[in-house]
Structures are given as C-alpha cells and as structure tokens.
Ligand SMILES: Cc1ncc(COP(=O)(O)O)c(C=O)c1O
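Below, in structure tokens: the form predicted on its own, a single chain.
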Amino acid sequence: MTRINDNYLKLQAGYLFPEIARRVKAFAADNPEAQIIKLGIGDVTEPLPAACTEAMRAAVDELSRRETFRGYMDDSQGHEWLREAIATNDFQSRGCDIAADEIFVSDGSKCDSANILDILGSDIRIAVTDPVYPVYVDTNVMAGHTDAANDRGEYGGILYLPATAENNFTPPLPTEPVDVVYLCYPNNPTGTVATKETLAGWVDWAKANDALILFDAAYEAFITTPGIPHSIYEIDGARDCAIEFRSFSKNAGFTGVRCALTVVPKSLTGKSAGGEDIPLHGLWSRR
C-alpha cells in the first residue's frame, strides 16, 4: 500500500499565498464596492525589460539551429559563462570571495530554500524570524523537523525569533541551541535591512555554535542605502557558516519564469552521523 508522509498532516492550511488569494476573491465577490489593498503574493505590474525579452528570443533562436543548439549542460550548476558573470558582477565586485564553481543556477530560490533540507540531517532544530516567509516553516514541517502546531499556529521544535516594532524589527540572536537559522534581508515581510554589524553578529554566533545560516537575499537589488550588505559573504567568516539564495525574478521583473541561484562555498562543511566533516558543496552538486 502507498504510504503518505504524515508530516503533511501537521500543516495548518494550504500554501499561504493561494489561501490569501481565495479569501480576497471571496470577499471581493461579496463586497463589490470595497477598495481592497492586497497583501498577498507580490507580483510584477510591468512587462519584462527589453534586455530580458531580447535575450530570450536570441536563446530560442539558438535552439532552432543545428550549429548552435544546446541540450543538457555539462554539469548541474548552470552554464559556466553565466556563473562567471554572476561571480564577477554580483559577488567579487562587492569584495566577496565567491568563485563561479560555488554558484548553482536553479529554477527558483523558493525551491532551493526547500530542497536544501534534503542534504541536512533529519534531527536538526531550526530558528526563524517572526514574522517569516512561510516556505521556511512549511518545508521543515513537511520534512519532519517539527512537532504539531499550537493554538497560535506555532510549531514545536522551531525557535521563533520575534521581529517587532519594540526591537526595531531586528530579531535577537538565539539563546537556545539550534542547528539552522533562516535569515532574509532585505526582509520579507517587514522590509528591514541588516547592517554589517548585524550580519557580523549572526556570523560570529553561527561559528561559535556550529550553526548554519540559510541567507535569503532575494530582494538585495532593492537596497539603496550605501554600506548595507547585499550579500552575507561581505562579512568575514560567512563562507564557513552560510549558504545564500538569490532570485532573478525580483531585479529583472520576471516572476514565474523560475530562475535563481544558490551559493554553497567549498569551505562549508557539515557533520556526518559518524562525526566526519563533509563538504556541503559536494552534496548539493549531486542534487
């Protein structure tokens, strides 16, 4: 008999954004005169930039000619020319020691932030800022890293780090043992940015506690204040404790096209069941 993953039964509802859309649609139908400010999924409102559509047309034209047709890539990381451009322009230009072979082009940072759990242990404890992008929590529920939810919708086994007006939406460092912490800066949903001092505090904490930071930088293109880090790798020591997720959909405006990248430094390791240090880069490259 086919067995189901019972952890899915812990989920409180469907994925948050479709649920919001359903409720908005029902409310609008019952209240046709209401002026609704939608706080669901943030989609684009303008067409794609010409640079993107022209590049897409050129790529399709290449696929239509025998002499320029390309099938599968040589490896799973993405085209080398693209990874080289990303390493040079998005990381090395900001002083980050990130090489092209540490970059993995993918079909979305949402997918990567979930799939990364496949290479982590089954008994990890995670911490999230609160409020939080729901994918971080839901995927850990489905992976079996939590207990059931309480009346407030909080899951046992997750450490919630409050980001409130009282602490200027800057969550405190964990005071309990955790293995993995999710950080998103600029933050979704609060919009808060993290200073170098804030991120340095997180890196120092992670290294001191043998913890892993999963850093979601999907909104880094919207940083305009000088001195605010666009990448956690602008912080010394981050290569040894952090994985970074990036999305092309925000800065290029093509949500739904599914194009992103993940950075896994070669110096980053995790412990096997036998206590051996295992490079996470090699495990992620097998995905």
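Residue indices: 1-based, along the sequence shown. No experiment lies behind these values; they were computed from the predicted model shown.
Beyond what is shown, the protein has a form predicted in complex with the named molecule; the following relates to that form.
Residue contact with the named molecule in the predicted complex: residue 190 places no heavy atom within 4.5 Å of it. Contact check for residue 83: every heavy atom lies farther than 4.5 Å from the named molecule in the predicted complex.
Although the partner is absent here, residue 133 lies within 4.5 Å of the named molecule in the predicted complex, judged by heavy atoms. In the predicted complex, the named molecule stays beyond 4.5 Å of every heavy atom belonging to residue 239. Looking at 103-111, 195-203, 165-173, 83-91, the stretch with residues near the named molecule in the predicted complex, meaning non-hydrogen atoms within 4.5 angstroms, turns out to be 103-111. Out of the listed residues 117, 212, 184, 127, 184 is the one that sits within 4.5 Å of the named molecule in the predicted complex by at least one heavy atom.
Heavy atoms closer than or equal to 4.5 Å to the named molecule in the predicted complex belong, across 196-227, to the residues 216, 218, 219, ordered by sequence position.
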